[in-house]
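Each of two forms of one protein chain follows alone as structure tokens, named structure 1 and structure 2.
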Structure 1
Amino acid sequence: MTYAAVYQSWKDDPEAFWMQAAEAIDWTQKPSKALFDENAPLYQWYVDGKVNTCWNAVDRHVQAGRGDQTAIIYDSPITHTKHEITYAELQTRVASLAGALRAKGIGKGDRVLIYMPMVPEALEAMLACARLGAVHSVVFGGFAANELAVRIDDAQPKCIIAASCGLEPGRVVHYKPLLDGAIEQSTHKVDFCVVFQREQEVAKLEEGRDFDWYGFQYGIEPADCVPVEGNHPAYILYTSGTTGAPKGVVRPTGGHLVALNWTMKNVYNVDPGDVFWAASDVGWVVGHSYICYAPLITGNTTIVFEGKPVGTPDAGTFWRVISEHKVKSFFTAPTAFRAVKREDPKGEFVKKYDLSCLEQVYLAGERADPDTIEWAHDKLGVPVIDHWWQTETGYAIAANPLGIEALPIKLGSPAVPMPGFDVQILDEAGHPMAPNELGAIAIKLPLPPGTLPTLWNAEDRFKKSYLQQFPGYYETGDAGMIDEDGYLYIMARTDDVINVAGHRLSTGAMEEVLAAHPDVAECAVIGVTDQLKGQLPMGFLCLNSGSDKAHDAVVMDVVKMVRSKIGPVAAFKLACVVERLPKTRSGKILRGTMVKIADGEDFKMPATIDDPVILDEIRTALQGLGYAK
């Protein structure tokens, strides 16, 4: 079947399409139908089915005789460690961990926060929650205590599972003080914590509250899989929105299983037994979907890689891992390839390894620039596929589905919509636009299985953020166009979200931190173009009249504040003091114009600007930071 035929078969009969896809999943009770649309525009999938995610990701492979196959390869160039875990071992470890959690009172529907680096135990913690029907919420290790506290208060977990430390090149990230700080800051109090002690740093446990990962499993009865309803939340994953309060994206169990399983063959072209590697982090959606769940649901071998594209130890790390572990499909972010390309433009490291196992490479997380795709294709000699998705969807909205048909690659485009996604370009009034015209990218409702049904404890925010602007559609927050062949082009965000090294960050959240500085009267944060990371945040500060603090000192303060309030991952290092901010006559800060000036692009003077002279002051300040040349 061609892509066009598969897509058409979904359009003709979505119900039949998704019921057929659901057959690849082991249900304790099969759902009677796929879509439940009684509460439209809120939709749910497979609601009356009963299923367990961990069973589908682990136990069923053991039962089917694949117990000796490697499920997880841990490869850490930072700690010089490699080891493998078979499906049978994974089952034992997860059942034991789940048993220990259950003995401490964790059951179906309870939330468990996971704060762990790239170690297999992070996946085991996620799967142990899934085994019990508990709802995990993984927090990325590069976030600061405050961000952790915000998530504790929103998700209200009974328990936190953490590691003693994370490891960044040349630096131990002390998780325990961050964890303790977050627990102290949060209003909600957890019942207990489980700490996985790493040999690089053993953390002090608080008597009565903290339990050792191994110790608390001693003598425990392993737990079996608890079947849950198809719409039971599998997890909550917080992502950046326009304001400082992150959005808790809810992932429904049944749709998650069906959709992820469908993507593995059709998009990523892998079969059970193949090795699949997503070089991301479990703290991001890519890590949830393609390090942990999808490869395991399909019966692949997944790789937990604790390292960086460069410097651990060199720009050949990716190629070493691919070659050594026989990776068939590899998934990373364009920024990672840009980092490798910068150090090894000629691809000398590529030549050192036998990469004959590698059949295709996938890029996502940010726009894939044509130079990077061409470089990777030239050096690796395999298709390099850009695909577009969001935390909210959990898997690709648009891709080149190599497992169905290899479509021609158009540089700059993540190709075509996947079945389930009716993608349209709308003008401000919500009217569909002609091919090649730029507009807001929206998806006709209902969204397919596995995508977010709502935001955790925030249904109104869900409706307001995604459903209100264009009734009958989901608003993606991205702007772009579709060409005459149906290929999508993702050009920019329509909100205040920026993308730094493939990480989604909120400029609004950074502005909240800056505004809390006692000398700052007003501020703005914009995302400026960066050759390596795609975008970098840059702050503009207007000081209180009468403030006599040196400008450099205020800048140093706010850089420190963002690092300690949001985390090092924000990569907030650029800021300057200005007299005034450019605004419209109604007082709206002209952030878009500031971005254009910073990037040295032509721009149209906004008709509503209050005082055009301010733009010259902004240009001068930007030039001081090496921008707006």
Structure 2
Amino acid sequence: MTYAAVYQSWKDDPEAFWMQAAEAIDWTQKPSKALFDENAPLYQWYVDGKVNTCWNAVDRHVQAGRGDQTAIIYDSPITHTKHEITYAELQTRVASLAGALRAKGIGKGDRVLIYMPMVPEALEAMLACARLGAVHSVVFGGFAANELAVRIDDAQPKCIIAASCGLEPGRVVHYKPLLDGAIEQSTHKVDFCVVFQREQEVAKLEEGRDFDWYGFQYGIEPADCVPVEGNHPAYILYTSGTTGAPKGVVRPTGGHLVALNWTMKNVYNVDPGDVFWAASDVGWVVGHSYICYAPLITGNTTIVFEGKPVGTPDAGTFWRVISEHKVKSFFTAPTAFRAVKREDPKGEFVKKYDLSCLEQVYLAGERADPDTIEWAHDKLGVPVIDHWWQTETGYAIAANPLGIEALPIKLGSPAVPMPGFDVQILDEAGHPMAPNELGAIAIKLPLPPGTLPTLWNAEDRFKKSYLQQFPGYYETGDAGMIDEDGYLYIMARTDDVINVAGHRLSTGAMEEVLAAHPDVAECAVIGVTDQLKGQLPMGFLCLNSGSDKAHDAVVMDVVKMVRSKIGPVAAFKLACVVERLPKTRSGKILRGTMVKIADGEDFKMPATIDDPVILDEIRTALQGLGYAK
């Protein structure tokens, strides 16, 4: 079938489409229908079905005779460690951990907070919770104590599973003192903690509260899978702690299983037994969906990678892992490729490895500028697919579905909406806009299975954040357009559309122009306040390593390029070269924080920031342009 036929089949009969997709999942009790809309605009899926995620991700593959297949490959260039875990071994390990948690009183509906680095035990902890019907909330390892405390108070976990430390190139991140500080600060008190001691740092355990990962499991009866309702929360994942209280995105069990399973073949073009690698972290939604759950549900081999795109040890790490472990589909963030491209613009490292196993590459997490996609495609010789989704949706809203049909690639577009997503471009009054016109990207309700039904203990906030602006739609918070062929373009967050003398302009479109300069490795454009024009665009440029062109000359070049490509209307005259850009640990550029610094406003230090020192460097650069007073 073609993409158009598949999408139309969903549109014609969504109920039949999602009931058919649900057939690929093992249900203890099959649901009577897919959509439950009695409480619209709060929709739910597969509510009266009974199912267990861990069974579908682990046990059923063992039962089907595939226990000897590798489930997880752990590859840590930081510790120089590699090992493999089969599905049968994973079943034993997860059932044992779940049994130990159950013996300490963890059961269906209890929350468990997980605070771990990129080690297989993080996945085992997630799966052990799923086995019991407990609701996990993974917090990115190394998050500050106060941010961890906020999440403890919101989720109110009975237990925290943590590691003694995380590892970054050249340093140990001490998790246990952060955990102790968070427990001290939080109003809610956990019953107990389980600590996975790493040899790089053995943490001091609090008598009576903290238990050693292995000792805690000794002599315990393994646990069986507990069936839960289709709408039972699989997990809570906190997003966007940069402004006020973080939002706890809830993921419902049944829809999560159905939707993720559907994407592995249709979007990522992998079959059971294939090796799939998402180079992300379990602390982010990509890690939940595409390191832990989706590959295992489908029966793939997934890779847990503890390293960086550059510096562990060099810009060839990605290619080594792909070559060594025979990766068929690779998923990473554009920012990771930009880091590799900056270190190795000619792609010398690519030539050192046999990448014949690699069939496709996927980028998500931030807009993939055409320059980065072209570079990757040129060096790797496989389709490089930009696709777009959010923590809230849990999987792709728009993609090029290679497993159905390889559509023509249009640079700058994550291609077309996936079944389940009726994507529309609306003006401020909520009216649909013509093709190629910039507006707010909204999705007609109901959202498909597996997407957020609400926020944890915050239904009013859910409605206000997502449903209020455009009744009958989910507001994505992104701005963009759809062309005459139905291809979607994500141009910016809604608040990154700037108004220059009455003209609505996309900072993303300007970034595309800057990124096309041969010396520019990475860039960001923000809108700063201007007395005369309302807002003016300002560009920040990071140059390729080895670039010897004068900074002023690069700035003059890009000013001319924006004038020629977008026009004088953009009024683009302000730009500077910086060593690096402020980012979250997942690679998103903190444009909103940069705007506040430029405009001299107070801001809260983002909890997810990779390195706070960069903000001082940005402030200095802005002062050089006459801002950040």
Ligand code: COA
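Definition used throughout: the rigid core is the maximal C-alpha set that superposes within 1.5 Å between two forms. Here, residue number means position along structure 1's sequence, counting from 1. Computed from a prediction, not measured in an experiment: that's the story for all the values here.
Shown first, as structure 1, is the form predicted together with the named molecule.
With the core held fixed, the Cα of residue 512 is displaced between structures 1 and 2 by 2 Å or more. After superposition on the rigid core, the Cα atom of residue 87 is displaced by less than 2 Å between structures 1 and 2. Once you line up the core between structures 1 and 2, the Cα of residue 449 stays within less than 2 Å of where it was.
Taking the core as the fixed frame between structures 1 and 2, we note the C-alpha of residue 598 moving 6.7 angstrom.
Shown is the Cα shift of residue 608 between structures 1 and 2 after rigid core superposition, which amounts to 33.3 Å.
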